[in-house]
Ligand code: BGC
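One chain follows as structure tokens, the form predicted alone.
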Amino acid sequence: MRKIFLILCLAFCTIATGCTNESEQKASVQLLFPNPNSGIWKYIGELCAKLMREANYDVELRFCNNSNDQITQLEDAIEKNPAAIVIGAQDAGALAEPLKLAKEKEIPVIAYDRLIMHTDAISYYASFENNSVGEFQARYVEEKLNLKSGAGPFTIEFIAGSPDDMNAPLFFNGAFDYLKPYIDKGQLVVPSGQMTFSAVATDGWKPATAQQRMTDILQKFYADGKSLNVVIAANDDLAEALIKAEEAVGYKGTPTILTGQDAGANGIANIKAGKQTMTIYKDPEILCGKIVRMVKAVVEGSQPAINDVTNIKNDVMTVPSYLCIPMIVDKENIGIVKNFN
């Protein structure tokens, strides 16, 4: 009788252990990011995946080459019914339709850095204060040119990002709105007259497009030794486009200030070489760490910490968000930047 009792106990323990293991199965998280050829996006995707795995999640990381590719990846991710989906959008306006199924299946969706538009299927958004990106660029110009003291006039031009990236107008507006009083006073002058987002935007963030536009501007408005003092470029690739445009037309001067963003390898190299003045650094470890904490909260059924419930709108809803603070980097503090390559 004792033997039978022991066998039954062992059998029960085996069954119970199996049940426990099943209940402790890792929650799955799908990570979808753009452009694997971009050093910074590759770094971000791999960092997020690493931190998620360290937090004991089962992670699938995918990069896309275009928006159609990402739509296919998203549809596949939803079919797998994960505990959460994190998306760095290739095209922020192209994901509304496939996300309908995510909402039906009650899958939490977190938008990374690029706000996904035209959908109510977004649970949360995590990014940096993108108005601050442009404003920090503008404040840097204000300080270095002593604009508060009435210095000027200085010439200035703008190179903005792509209209299909909802962050791009935020970058531009943050800079332009801050500098507009100095434009109105005549301390800053825009010889090209191009002062709206639509006029200075760069489709697809393509450096070749920006280079051609700036080549035209240099030839028309900065011939015969006229100086270009400031260029507000929305990121480091567009700043480099200005540098190449100057080389192409034989422009001899270097802008007193050339801004950028991302602190990528080209931007850092150009700052070290004295061709670019500053960049905006959005530390991926800060944002990826925040994403992990957001995923942990939604998987556990709790509310993630957020700091903006009123300002981030995607045409359909106000998206609960957490916005981190970016940093200004120039030659003085360039050592804080991590290598994305």
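A quick note: this is a predicted structure, and the numbers were derived from the prediction, not measured. Here the rigid core means the biggest group of C-alpha atoms that line up within 1.5 Å when the two forms are laid on top of each other. We number the residues from 1 along the sequence you see.
There is another form of this protein, the form predicted together with the named molecule, and it is not shown here; the text below is about that form.
State the residue from N167, N266, T119, Q211 whose non-hydrogen atoms include one within 4.5 Å of the named molecule in the model of the complex. Looking at N167, N266, T119, Q211 one by one, just N167 meets the 4.5 Å heavy-atom criterion.
Contact residue in the model of the complex, chosen from D113, E135, E246, E157 - any heavy atom within 4.5 Å of the named molecule: Contact with the named molecule in the model of the complex is made by D113 alone.
4.5 Å heavy atom contact, W205 and the named molecule in the model of the complex: So W205 counts as contacting the named molecule.
Find out whether any non-hydrogen atom of G289 is located within 4.5 angstroms of the named molecule in the model of the complex, and reply yes or no. Looking in the model of the complex, residue contacts with the named molecule do not include G289, since no heavy atom lies within 4.5 Å.
Determine whether any heavy atom of E240 comes within 4.5 Å of a heavy atom of the named molecule in the model of the complex, and answer yes or no. Answer no; every heavy atom of E240 is more than 4.5 Å from the named molecule in the model of the complex.
Contact label in the model of the complex: W41 to the named molecule, heavy atom within 4.5 Å: W41: yes, in contact with the named molecule in the model of the complex.
Segment assignment from 59 to 67, 293 to 301, 311 to 319, 33 to 41: heavy atom within 4.5 Å of the named molecule in the model of the complex: Of the options given, it is 33 to 41.
Is it the case in the model of the complex that F171, N235 and K282 each bring at least one heavy atom within 4.5 Å of the named molecule? Looking in the model of the complex, the three residues F171, N235 and K282 all sit within 4.5 Å of the named molecule (heavy atoms).
Need the contact residues for 256 to 289: heavy atom within 4.5 Å of the named molecule in the model of the complex, sequence order, or none if there are none. Contacts from 256 to 289: Q261, D262, K282.
After the core is overlaid between the shown form and the other one, has the C-alpha of N307 moved by 2 angstroms or more? After core superposition, the displacement of the N307 C-alpha between the shown form and the other one stays below 2 Å, so no.
State yes or no: after fitting on the rigid core, is the Cα displacement of P36 between the shown form and the other one at least 2 Å? Yes, the C-alpha moves 2 Å or more.
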